[in-house]
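Have a look below at one chain only, the form predicted alone, in structure tokens format.
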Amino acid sequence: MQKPDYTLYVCTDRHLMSSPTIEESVEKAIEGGAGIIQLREKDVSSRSFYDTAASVHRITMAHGIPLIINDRADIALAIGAEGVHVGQEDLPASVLRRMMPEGTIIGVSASTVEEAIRAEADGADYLGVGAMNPTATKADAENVTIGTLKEIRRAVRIPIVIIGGINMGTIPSYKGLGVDGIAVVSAVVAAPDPAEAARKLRSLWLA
């Protein structure tokens, strides 16, 4: 597996996707240029999560793209996923680093400078910083200001991806801030043509 390309980081959402299956949604996102896929399943059984993860992992492996499992280290271990992403209420990155195989990508959500510094010290490989804007996928998330984002960028050396209402309209606000990539959900998976949406988002971010 090559070094992660954080430019366009796509998270799944079975409730928002325009595709008939998560597998098709993932295929289209990768076709459009997604460099990382995060499988996010908040309200399914462990068995269903496992089955979907195994199926999606076959797709991401075929394209040489890392699959990150949201929250569930056990699912990541069970299918041999390349990484796991956790929030502030989940297992700390330091614990995950001991649990997971060497080389596992560990991402941590952070919305303050303190959380970011702690995550880096605990061994996180990257940060998901947000929510940058109001978002339908996390109605209770507090917004992170551009000022705080700049402070986080100065405080840590690991890659940062921003998340929360990132779309064609909001992307220009975050260019030139030292951010490594954009993490999106509905901007890709809910689009009528997810591959085309991914292509446009990636090219706008890189322009």
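Just so we're clear, the structure is a prediction, and the values are computed from it rather than from any experiment. Note that residue numbering follows the sequence shown and begins at 1.
The same protein has a further form, the form predicted in complex with another copy of the chain, not shown here; the description that follows concerns it.
The candidate spot formed by Ser46, Asp71 and Pro92 lies fully in contact with another copy of the chain in the model of the complex, as each residue has a heavy atom within 4.5 Å of it. Another copy of the chain in the model of the complex is not approached by Tyr174, whose heavy atoms all lie more than 4.5 angstroms from it. Residue contact check for Val113: none of its heavy atoms lie within 4.5 Å of another copy of the chain in the model of the complex.
Shown alone here, Ile105 lies farther than 4.5 Å from another copy of the chain in the model of the complex, counting heavy atoms only.
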